[in-house]
Structure formats: structure tokens, C-alpha cells
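First, one chain by itself in C-alpha cells, the form predicted on its own.
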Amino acid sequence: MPMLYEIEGKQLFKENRIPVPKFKAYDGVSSIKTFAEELGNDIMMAKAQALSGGRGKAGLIKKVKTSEAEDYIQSILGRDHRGKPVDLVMLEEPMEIENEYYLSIMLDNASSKYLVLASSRGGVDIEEVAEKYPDEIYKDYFSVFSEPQPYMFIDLGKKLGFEARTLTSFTNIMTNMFKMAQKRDLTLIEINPLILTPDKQIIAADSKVVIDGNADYRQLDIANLKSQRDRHTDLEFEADQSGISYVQLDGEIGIISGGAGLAMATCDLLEFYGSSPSNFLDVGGGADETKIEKSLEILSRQNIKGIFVNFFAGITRCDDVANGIINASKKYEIKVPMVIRLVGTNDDLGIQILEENGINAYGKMEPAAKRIVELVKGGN
């Protein structure tokens, strides 16, 4: 599931009337003093933006003075965090804290409902709270089709200890979170911690937001956010823009498959015969010649020793797959050996087209996989 950067999640919070601290994004060190003047504070929080956890333990979150912020930002920009370089930092208003809470709304696949989890023990991993204080985690289920209203969350707010004005603030935040999840096709909204300040303000001090990747076409502004670009390699992003499911790996044989399950089986079969896949690539059902050509164009830019195309065609026609392969192999001057396995609609015609153009073609998967491994390993 595609996760957003904290700063992107907080921007969504602002748009949906969920209170957050003042913040600003930095990919360099200009205008830090201006932000400090806006805050009226010489102290601020500096948070590296990353799509994986453990930032605090890695030294990527720190309270800094204005005079320290520039050096600190320069020290973490470009640093590797769990395989990805840090190239964005958020400076944020520091908050005084009276109490910390945990709050989340997630799509529960088992019940097909939204599951709300809350605890008055925020600021630590919810798993740790569940282990040590299971009775202090409150949960409830709501229909995804419900029209959220503040009264729905009054009991939950009282269990967390809110009363009077803070209870109203809490139920409004819950209502807006619920609406945001519905409107934005979100599978998770997590705030940890949700803080209560000494002047009784409730603020989302952190954000974890996950969008349903299948809803990208409805949420184009989210799909084009920096986090969604950064979670891909260049080739993965390009494939995604073309409607192709592609993940780069580190093997020697590029694969193209018509179906995610078949792609996984193809990867396993190459390993079984002594080689390894350089990628996972699924063009999906109903793939046309254009998608086949685009897939081969992407593989042609990888450092690979061979290509294995494995298709069980139902909606897709095998002759269309074959023609796409022929066109792409000529257009992109593919020099590495290729082996194609086709079965399904018009498979005889597809195999005939390939063989007439000098490309190894099979109707069964095992001999096809064995053959591409032989060719890659130097066999005849």
C-alpha cells in the first residue's frame, strides 16, 4: 500500500480541518530564519522525510535551535535510510505536551469495515501498548458507507478521558478523519501521538497515511505527490505510469508475465533451474501490443542476460503478444536471448509468428524456463 510522507499527510490533515503544528518543507537550507520568525520561536523540530520507520533511532528527528538547523539539515540530506536517500526535511513548530494519545482509522479487510483504534497511551508503538496494557486499547467498527457525525465518537472520547471542550474537539477530529478516509480512498490514517497541550488544544503531532493504490486514478493529486514518486525506482515509476506492475530485482533474466500469480511462479521456476529474475513484471489481463512493447522497452534498459516472456492468455491474444515482441525486439535492438512461452487464445498462431522470426517459443512453461537459463548460462 502506498504510504505518504509525514509532511504530505499533515497537508491532507490541514485540508480536512485536523489541527497540526505549523510546518515547512526543505530540500536545502534557505529561509530557515524566516520560518523561525513566523513561529516566533528559536526552537523547532527537524524531521527527515522517509517512507519507513525508525527515523528517531536513526538520528533523523531532532529538536534544534535556528542557529543549528542549517548544519543539521545539511548533515541528513542525502543520508541513506533503509535503502532510500533523504532528500526532504520538514521543520515544524515544537509543541508543549500535557498528554499523548494513539488514534487510527484503518480499513479492515476481514470485516469490510473501518476499524478505529485508540489509546490514552500514545507516543510509543501500539504493539507495545497492546502487549503491556491490552485493556487500554479501545476499538470499534464502522460501516465504510456511514456518514460520520460527531456523536458517533462521544463514547470513545470519554473512554480516553476527554471531557467538555476537549471532547468536542476530539469528536470533530474523528469525524474529519473518517470523512478524509472515505473521500481520499485511504486504507490507514494513524496519528501517534495525538497530543493534548496545556491550553487544552488537541493537535496531530505526527501522521501516517496510506492510500489504496488501486484508487490512484481517482486521487491524481495524491498519486503525483513526491512520496509516490520516491517509492519507485525510475523504471518502476515509468512502468507504473503505463499501467504495468513492475518491481526491480537483482537477477540476470528479465521477465514479462500476464498475471501476478504467473509472474511469481516464473520467478520461482527460474530460481529452480539455477538462475534468478531481474524483475517482477505483470502487464495484467487484456494487455495489448503497446503494453508488451513498453514492457520490453523497459527491460532493454536493464543490465540483463536474457528475457523470458510467460503468458497464459485468456482475454489477451497470443498473436498480439507475439507481434508486440517482434516489433519491440526490432525497435529497441534487443540483443540478449529471448524465450517465449504462450498458451491460450491463438497460441498456435503466436508461436508460429515467433518461430518465423527466429525466436524460441514454447507452449509449456518448464521447458521454456529451462531453455532461457541454458542460453543465459552459455548453452546452445
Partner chain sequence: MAIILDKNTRVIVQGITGKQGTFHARSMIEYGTKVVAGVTPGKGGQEHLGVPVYDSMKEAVKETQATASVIFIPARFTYSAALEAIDAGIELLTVITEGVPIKDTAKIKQRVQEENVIMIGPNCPGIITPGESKIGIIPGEICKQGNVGIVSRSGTLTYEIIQNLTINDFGQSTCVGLGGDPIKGIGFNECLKWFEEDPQTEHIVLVGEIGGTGEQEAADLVKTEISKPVYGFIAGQTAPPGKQMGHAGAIVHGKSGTAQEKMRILSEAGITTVKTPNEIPLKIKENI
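Numbering follows the first chain given and starts at 1. This is a predicted model, so every value here is computed, not measured.
Just so it is clear, the following notes concern the form predicted together with its partner chain, a form of the same protein that is not shown.
**Q** Each of K10, I222 and I326 having a non-hydrogen atom within 4.5 Å of its partner chain in the predicted bound form: is that the case here?
**A** The answer is no; none of K10, I222 and I326 reaches its partner chain.
**Q** Exactly one residue in E163, D268, E96, D80 has a non-hydrogen atom within 4.5 Å of its partner chain in the predicted bound form; which is it?
**A** None of the other options qualify; the answer is D268.
**Q** Go through V86, I126, I304, L235 and name the one with a heavy atom inside 4.5 Å of its partner chain in the predicted bound form.
**A** Exactly one listed residue reaches within 4.5 Å, namely I126.
**Q** Could you confirm whether D240 comes within 4.5 Å of its partner chain in the predicted bound form, counting heavy atoms only?
**A** Contact check for D240: no, nothing within 4.5 Å of its partner chain in the predicted bound form.
**Q** In the predicted bound form, is there a heavy atom of its partner chain that lies within 4.5 Å of any heavy atom of E190, even though the partner is absent here?
**A** Judged by the heavy-atom cut-off of 4.5 Å, E190 is in contact with its partner chain in the predicted bound form.
**Q** Answer with yes or no whether M365 is in contact with its partner chain in the predicted bound form, where contact means some heavy atom within 4.5 Å.
**A** It does: once its partner chain is placed as it appears in the predicted bound form, M365 has a heavy atom within 4.5 Å of it.
**Q** With the partner left out of view, is G261 within 4.5 angstroms of its partner chain in the predicted bound form by any non-hydrogen atom?
**A** Yes - in the predicted bound form, heavy atoms of G261 and its partner chain come within 4.5 Å of each other.
**Q** Counting any heavy atom within 4.5 Å as contact, can you tell me which stretch out of 27-35, 59-67, 326-334, 311-319 lines its partner chain in the predicted bound form?
**A** That would be stretch 311-319.
**Q** Of 319-335, which residues get within 4.5 Å of its partner chain in the predicted bound form if you count heavy atoms?
**A** Contacts from 319-335: none.
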